[in-house]
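First comes one chain, alone, set out as structure tokens in the form predicted alone.
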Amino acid sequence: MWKITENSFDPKRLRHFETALTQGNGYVGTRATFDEHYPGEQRTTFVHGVFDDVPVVFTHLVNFPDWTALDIILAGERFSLAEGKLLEYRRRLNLHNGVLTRFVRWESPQGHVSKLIFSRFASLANQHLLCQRVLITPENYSGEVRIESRLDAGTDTMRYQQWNWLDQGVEDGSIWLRLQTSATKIEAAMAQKVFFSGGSEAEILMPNVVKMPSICTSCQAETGQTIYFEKFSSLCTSRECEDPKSGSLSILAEMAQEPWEAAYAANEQAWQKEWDRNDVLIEGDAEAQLALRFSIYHLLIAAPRTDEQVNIGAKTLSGYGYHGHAFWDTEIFMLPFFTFTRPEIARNLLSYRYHNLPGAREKALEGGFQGAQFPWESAGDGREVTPTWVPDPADRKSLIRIWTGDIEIHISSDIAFAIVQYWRLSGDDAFMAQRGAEVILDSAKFWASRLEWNPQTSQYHLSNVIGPDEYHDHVDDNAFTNYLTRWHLHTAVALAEWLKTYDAQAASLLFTKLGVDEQSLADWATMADQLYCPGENNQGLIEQFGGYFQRVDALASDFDPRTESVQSILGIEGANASQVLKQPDVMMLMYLLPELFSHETIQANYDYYTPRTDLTFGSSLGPSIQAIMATRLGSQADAYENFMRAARADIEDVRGNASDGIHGASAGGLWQAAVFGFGGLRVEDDYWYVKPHLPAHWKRLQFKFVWRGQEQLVDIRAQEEQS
């Protein structure tokens, strides 16, 4: 169960498979467009951290020149699936080594039949190396086989030209191109080199056309003779390389004498090491096994292994959705996978938040608050990049106001929670002392300035916010936000005490830097104790936010059958006025802080909020968490149903929006549902244990995780669980 296969070509699913078969290595991501182009495609190659300004959305990942593009001319006819006749077609992504392969038998308009086998991969062994091969066999004709490759400086992003051409040339058998982003001034260099064999003596030309250096190869091929074309591309930017041009050329200059075989073997070995650490084995459910490995693969190809100045966007590096911006999706949904299996990557991702504290402080100051308020959407430098207005999809001449960047403020506590989770698992005291503590304490300072005292209730409150359930905005006392804020303040006080013991000098320097003293800590503790958190009432129900129970009662099933979200049916204001949820805040709260709630309270809230949640067409973040909570309540049928909702999000495109990019949070949530839900892994301060709840038809669940630097193996068999 390692291969994602497309056995026939359906143009209607073109962009879905472009996303699903995306390739990458934690540095670069490339959508699975055809080498030879196809109408309506969305060719993109993104590199972590390379953003530039775009009107309306502030900043966007920049689309790089396409390293995969080829023009293939066979006996004078251009190869294209949009013309001629497709006799055979198979495309397959091998999750185990990241290699994408396509087999095509094509009959040209003039009746010439050719067999073409395409292979390519982004090397996991060398993040700057991209490898591509095409095997072409004429079946019923002889003639010229001509392949043209180029680096196009005219690549655009969302119809905006973001690259400025700097220079180009030919050197040591390679073509190269230098570019610079328009606003952020990031320099990039790409180089390409080809190997051509199999027919008559190959002719290789390198026309140095301005802004489009090219390599043109050709030879004569006889019937049944296979032509081998191999292309190697390299890519470097000024973010990680002082001289991107020299860096790119040196990578190609160091290629082995048999470059494809050597690069392929190195990539496969690197992937084997990844899967040895990260694979989750499921026996008894082939669909779940493949979907889980698919999700893990997409997390791994988006994970920055050498860069702590970048985060993982909500759509990873696989599409234009959300412009490459990072949300709470990373810390709450994706990061636990890395915290438990690849703590060094988790450390990089959390360090991104530490390095971007200046942007968080700027945001707090702009809002009239103290400390650090992390932005709802973050990109290159940690400033708030949530668009204020976006075009209305129903009327492109109208705009919709986006409030999340202003009032969806729970992300600061989500980041603190992720830091503490990493610390508990890894025991990385140095990280907490040097970086984590500053993030947690400075964002606690923000909360202390954001809380509002109400003399009538003698409590602190948080008004005018948006919780994780974005169907409801401008609400007061959102349960998720209030409880996490209270947890955050208490945690900050305890952490300050720990830091004074661990490193008194570091504590003193940090407290001075942040303007935090003993009175501040005492005030935070008091504020936390006096912060209103919706309690048990109405038979144990916790009101999602103030006045929620007075909204129009409705169940998600009231709108079935349907193929769109409840918000699409009711409109923004209609959904806001109802009790239907995009995702259940209260269940998310009980998942993160289970120790605060009794089993009976969790059950009562699960029973109330589940039918009111738009689990099928609402947020892709909801089903995985709902699955975990169902396992803890013994509702195995509900747990498996929601697990498979998450599993099919992108591999089957059940929401119809996979073309925008991979749902990274759903991928991370699926791993959590398998490990924390069905596997029942629970971690306490000084130990861990499992309380498994396998689906009835699962025979085995095996996974690994890292506890205090030591790899742990959990192997659960159905017979053992029953005994």
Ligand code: BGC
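We number the residues from 1 along the sequence you see. It should be emphasised that the depicted structure is a prediction, and the values quoted were computed from it without experimental measurement.
Keep in mind that the form predicted in complex with ligand BGC is not shown, yet the notes after this line are about it.
Stretch 576-584 is the contacting one of 543-551, 217-225, 349-357, 576-584, since its residues have non-hydrogen atoms within 4.5 Å of ligand BGC in the predicted complex. The listed set 379, 74, 621, 129 contains one residue whose heavy atoms approach ligand BGC in the predicted complex to within 4.5 Å, identified as 621. In summary, among the residues 327, 338, 422, 640, the only one with a non-hydrogen atom within 4.5 Å of ligand BGC in the predicted complex is 327. Remark: none of the three candidate residues (279, 673 and 678) comes within 4.5 Å of ligand BGC in the predicted complex, counting heavy atoms only. Although the partner is absent from this view, residue 322 contacts ligand BGC in the predicted complex, with a non-hydrogen atom inside 4.5 angstroms.
Mapping the unseen interface onto this chain, residue 300 falls outside it, with no heavy atom inside 4.5 Å of ligand BGC in the predicted complex. Residue contact with ligand BGC in the predicted complex: residue 473 places no heavy atom within 4.5 Å of it. Within 4.5 Å of some heavy atom of ligand BGC in the predicted complex lies at least one heavy atom of residue 314.
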